[in-house]
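To begin, one chain is listed below as structure tokens, in the form predicted alone.
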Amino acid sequence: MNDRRLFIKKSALTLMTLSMPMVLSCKTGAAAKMNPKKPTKAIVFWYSQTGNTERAGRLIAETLKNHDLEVVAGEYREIDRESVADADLVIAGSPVYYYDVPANFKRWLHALPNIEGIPCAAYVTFGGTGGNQHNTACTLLELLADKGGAPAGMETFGNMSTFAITWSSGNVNRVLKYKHLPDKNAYDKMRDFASLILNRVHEGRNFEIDKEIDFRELIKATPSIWSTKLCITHHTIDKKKCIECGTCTKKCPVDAIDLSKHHVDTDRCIACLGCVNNCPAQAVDMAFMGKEIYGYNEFVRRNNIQIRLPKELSLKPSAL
């Protein structure tokens, strides 16, 4: 029985590894037409677990402010959904999560009010070489277009991987290869993205959402999450280490953690690794195929990694 279980685990991981992209065009349907306008009020929101997507969102927001826009920016759970319909420009950001936009963020976007004709844009962040990031950005922009938004553009931003299983399984160098990201070029790309979106809005130029046919579309989200969860052999909260700060419950997007009982509902868990990545006391006890997992903050500390902030954000230490 154990051999059979191990075979299933390895087969699932092999499927994920071998699913490489086939670059072919796949255009989506027509979206709302954008009329030329000079926006005065923008809203930028994101889902972020370790800070990369948030950092990009805050820099984009600061760039828009430098163009004399009034900007509301924040993590999506802190944003008043109804206020999105009052903006002249809407920008959403997400990490690439198992080759897709996270389901919890999708649910929130589905519940947005109608934003008919409002220019919208999307960006995603991805770790290392990434996987399906172009299509994930397309999906995020499609979600805004489905609410009536007029697509103005999308972009992808690379950073060091935050997938704790990778380094905890011994593949440290694969992650450290990208420890310099985000760098100056990455921050310039974020600023340029914000400026480009504004130019398109001023000119009333719609952006065409053009997906690639990628085999990872077949295993994104649930199949990949299932494969990972199958290999997680232990997941709980160590009561002796826990300082009851509530970080894990705040970061969990599906309310799977009961801190009063130091318990994780592993059926509800979506393997986002937010709890293990952010716990300041390393109290989240998780094992993947028998190997103990340690989180992003601990990985950064052990490897003396310094995340360089752009000048706009370095002056605002409370922003991150």
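We number the residues from 1 along the sequence you see. Please read these numbers as outputs of a predicted model, since none were measured by experiment.
We do not show the form predicted together with a small molecule, though everything after this point is about it.
126 is the sole member of 193, 76, 126, 207 with a non-hydrogen atom lying within 4.5 angstroms of the small molecule in the model of the complex. Checking 145, 96, 87, 138 for any heavy atom within 4.5 Å of the small molecule in the model of the complex turns up a single hit: 96. With the partner left out here, the small molecule still marks one of 182-190, 242-250, 111-119, 160-168 in the model of the complex; by a 4.5 Å heavy atom cut-off that stretch is 160-168. Residue 283 falls outside the set of residues with a heavy atom inside 4.5 Å of the small molecule in the model of the complex.
Although the partner is absent from this view, residue 273 contacts the small molecule in the model of the complex, with a non-hydrogen atom inside 4.5 angstroms. Put simply, residue 227 is far from the small molecule in the model of the complex: not one heavy atom of it is within 4.5 Å. Although the partner is absent from this view, residue 63 stays clear of the small molecule in the model of the complex, with no non-hydrogen atom inside 4.5 angstroms.
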